[in-house]
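Take a look at this single chain, the form predicted alone, given in structure tokens.
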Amino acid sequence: MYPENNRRIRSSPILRNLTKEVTLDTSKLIQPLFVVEGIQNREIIPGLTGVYRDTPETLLKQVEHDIEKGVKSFLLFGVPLAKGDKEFDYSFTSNQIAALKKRFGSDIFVAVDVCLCSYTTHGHCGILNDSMDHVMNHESVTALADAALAYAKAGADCVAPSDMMDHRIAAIREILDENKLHQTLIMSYSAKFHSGFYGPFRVAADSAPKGEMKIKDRGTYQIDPANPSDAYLSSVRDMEEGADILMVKPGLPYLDVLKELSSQIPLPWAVYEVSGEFAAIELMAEKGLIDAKRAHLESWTAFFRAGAKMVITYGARSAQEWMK
């Protein structure tokens, strides 16, 4: 007879809690926020239960409610009304940052997404050439650095470039330092993959590629799912250029990448449970095919098990209730 030594430590909830290697904590979760210029009332987002496209007024009310639910960290996405091709006005998003910090101060941590996809007429993450068949790196990086500077001046605790242009971390770190914004963190989407799981987000942020152009998707600047070595090289570069936090996005399809990178690169790692991942659980739950609460908690546990120090998830505002 073999002794049941493994089964014994699973024999009661108290023992299972005592021997857990990973413990979930709401303080490690970051709640995305969408604030949209020009809408009169907050709008639901298909698949993202409990998440909205907020007006400036409802944004403040939502954050107040989130704080009551134990959320202190946020990732803000600003969606301006006016779109452009080369010159962009970052004032709408900057004004929302300032309003949040004026209202809540140091009680919250505000990271702000830095990208151009919600600002451009075509929905790409950078500036296109005249032939509209190529995203120009240098010109895009300049615009992204300007956006990061505007957000930092408005009071953002952290800027989070998600565009995947080459050397944008160096440019952002340089412009922040030149303006004596040394304390502003950079959280780089260093391992952002060309994924099919971004659908609900693109509705929320009005950021899907669109219009008449030869470059139809983001495959020329986001990482191919079949090239994990590219994620390593991009992440090492971003670390060397001055990033404070690195990120893998999406989460569950890339747990192997997160495990590998977090063990090799000595910076705090974030993982983004993207909209398609979150919505898949919610939609299965609607059909009675899954226990949503259990599935979300299981997903977050997997992220921390693979090496994440923080998780960006649309369910952060529900976590306190789910973890009871």
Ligand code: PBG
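Since this is a predicted model, take the numbers as computed values, not measurements. From 1 onward, residues are counted along the sequence shown.
Keep in mind that the form predicted in complex with the ligand is not shown, yet the notes after this line are about it.
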| query | finding |
| --- | --- |
| In the model of the complex, the residue from F77, Y254, Y119, F74 that sits within 4.5 Å of the ligand by heavy atoms | F77 |
| Region of this chain that lies against the ligand in the model of the complex, out of 35 to 43, 290 to 298, 260 to 268, 273 to 281 [heavy atom, 4.5 Å] | 273 to 281 |
| 4.5 Å heavy atom contact, R173 to the ligand in the model of the complex | no |
| 4.5 angstroms heavy atom contact with the ligand in the model of the complex for D238 | no |
| 4.5 Å heavy atom contact, R202 and the ligand in the model of the complex | yes |
| Y314 within 4.5 Å of the ligand in the model of the complex, heavy atoms | yes |
| Any residue of 284 to 306 that, in the model of the complex, places a heavy atom within 4.5 Å of the ligand | none |
